[in-house]
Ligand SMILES: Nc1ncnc2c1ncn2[C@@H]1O[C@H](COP(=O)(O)OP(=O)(O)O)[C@@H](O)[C@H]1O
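Have a look below at one chain only, the form predicted alone, in structure tokens format.
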């Protein structure tokens, strides 16, 4: 186990474009931290810089007490798990797991004991004689994780390892990864574009955009107290509604300098208390998710989405009023995008 520290890490391309900008972040010993952001925000590049697969332009990367900027990947005490698993197709599960240990000339008996212990831990002990082509997506992913575990690294780096799996298997693997982290207590950095993975796995979450960190916080802190409009709109599904002046012209709120947002689950079909605000629009769409409906209303080309309990009286094309409390609104400075603390 080891602490990972990034100090003002910057990476520029030959044309001068900066793909990483002054990254400051510390991952505590034994912590699992998620990095999330849209495609092209620099999250995978940052992971490759930590691993030593790409060089940084300036700044410092420390693993444990050691500055590793100039060290090759094999000397950085990290193990990386890729999206495509990177298993050797001509090797069995056993041989894939054992390969790294054999390259390091670990004794045969020790290799066998460690491989079998790790395989049992990951539920692979009955699959040791199979080849990657004979495995399911989840089994291949566990094999890749097992190979990384056998290196006993100070830091695990996981680059979107579940993105190629189907939804039920991804949920299962998230549970397995979380349980694995708890049992190993290893420092892990998990990169994903899927915010649900980032929020469910990370003890803390790093939100990136355009090569810079927008916010670092706990999953609840990221969701409940976004630092700016970007984080508020990126984290959460359906995304936060940003209300134009057309929706709020009867509320008396300042819409010239302030932009207001509200989470879909905070909108209701009926008022909760006297003084609640409301918005009215044409009901465009109803989507049923069993015990919850997702409804969409429109007004002068602008749309608002709400998550509400099932209501059989709702009719598409009819006018629908949605209610909310003033304190459930988020306020953002229109000039800077920063969240304002007016009543939150």
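From a predicted model like this one, the values you see are computed outputs, not experimental measurements. Numbering follows the first chain given and starts at 1.
Although it is not shown, the form predicted in complex with the ligand is what the next lines describe.
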- Note on the structure: The stretch from 272-280, 60-68, 38-46, 312-320 that lies within 4.5 Å of the ligand in the predicted complex, judged by heavy atoms, is 38-46
- Query: Could you tell me if residue 25 has a non-hydrogen atom within 4.5 Å of the ligand in the predicted complex?
  - Reply: no
- Message: At 4.5 Å between heavy atoms, is residue 19 in contact with the ligand in the predicted complex?
- Response: yes
